[in-house]
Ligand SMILES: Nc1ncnc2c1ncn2[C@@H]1O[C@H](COP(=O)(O)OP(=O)(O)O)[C@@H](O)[C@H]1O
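Form predicted on its own, single chain, as structure tokens, below.
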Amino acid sequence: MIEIVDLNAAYDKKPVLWNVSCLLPEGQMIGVIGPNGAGKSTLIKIIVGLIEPLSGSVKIKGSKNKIAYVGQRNEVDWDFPITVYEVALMGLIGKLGLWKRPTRQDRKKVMETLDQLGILPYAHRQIGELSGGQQRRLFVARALLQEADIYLLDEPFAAIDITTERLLFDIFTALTKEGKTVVVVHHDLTQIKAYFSYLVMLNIHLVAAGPTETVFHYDNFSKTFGDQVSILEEALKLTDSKKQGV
């Protein structure tokens, strides 16, 4: 679905991604992991088209308009005078254009999606009035309304309650069963095997990319996270317990 070839990126002449090449397969839950400053968010933004790389290319199967993006929470002005319903409705702009008014069926679809995400009761509230988990649900709702083929999500599980995390995971899994590709920047290493069928491991350079069962091992974690032994041990605990039949 996505082919990344010899990708290089930098901020203020400091390399953020260097000589990164990999394939992101269609119809899978793909995790992107690495330490802070590894280039994870930069990679996602280059794929979306928000950042131009220094060199290299990203080739996407099909139309680039079929991409939905959910950025980090700090990318949103939560004081902006816009309601939950209005933000969700923005997911239909690709279908409606800037000037066409939404039909009754469009409005119904928005309300149904907000209901699916459990935030319909807050439809007419200003977005800053929502909790962190509700805010994350809202922007996932907007992405779902785009009916994209590729969903790129930058730490959607960060700083949310476990109920929201499970709800979002179930939604993302359902998307992959429909043949959609879901790419998630993720930080909770203990959930890697549970959440992702395919993994991209970054630390400016590409350490590994492939099926989680193949690349999820100590050597790759050591190359990705350096001497952060406590993180490595915690991340691999799930794998070790399964090997021992626990």
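One rule holds for the numbers: they count along the sequence shown, beginning at 1. Keep in mind the model is a prediction, meaning the values are calculated, not measured.
Another form, the form predicted together with this ligand, is not on view; read the next lines as being about it.
In terms of contact with this ligand in the predicted complex, the residue from 47, 38, 209, 30 that brings a heavy atom within 4.5 Å is 38. The partner is absent here; in the predicted complex, the one residue of 116, 72, 83, 131 having a heavy atom within 4.5 Å of this ligand is 72. Residue 16 belongs to the set of residues with a heavy atom inside 4.5 Å of this ligand in the predicted complex. Screening 191-199, 30-38, 213-221, 173-181 for residues having heavy atoms within 4.5 Å of this ligand in the predicted complex returns a single hit, 30-38.
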